[in-house]
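Shown next as structure tokens: one chain only, the form predicted alone.
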Amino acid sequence: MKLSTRGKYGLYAMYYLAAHAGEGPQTLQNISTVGVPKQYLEQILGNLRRAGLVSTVRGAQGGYQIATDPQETSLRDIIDAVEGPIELSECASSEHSCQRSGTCPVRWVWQRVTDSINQELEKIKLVDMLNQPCESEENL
């Protein structure tokens, strides 16, 4: 299983906005310096805005800013906003997705692993990313 580009870019954008919280709205140009193409970034920021994680400011000095507390915002919040819920298998979220789900010997494995991943993503907060040393922070 790999996290899609969309999920990674969502984390990059939120990291940038959290690192620049209190500095006013950030333009797409500024946020894109973390390596996210501007056109793709606009879509991702739209998803983050709809989830209440980002707010927008209109006008000449407008842009995007973080709308939540980085100490309270989990990586799961971000991933869910841009990707939707993480599920390793459809049967992990709905026992009615498969005729065999009631007798399937592997369904519990998918449920357990899915739950573990989601619990770990819930534990890691955006502020934890800010507190981790980066090899190169010059683009932030």
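Keep in mind that this is a model prediction, so the values were computed, not measured. The numbering used is simple: start at 1 and walk along the sequence shown.
One more form of this protein should be noted, the form predicted together with the DNA, which is absent from this view; the next part is about it.
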property	result
Y9 within 4.5 Å of the DNA in the model of the complex, heavy atoms	yes
4.5 Å heavy atom contact, G63 and the DNA in the model of the complex	yes
Interface membership of E42, the DNA in the model of the complex, 4.5 Å heavy atom rule	yes
Touches the DNA in the model of the complex: V109 (any heavy atom, 4.5 Å)	no
Contact check for Q26, P37 and G59 against the DNA in the model of the complex, heavy atom at 4.5 Å	yes
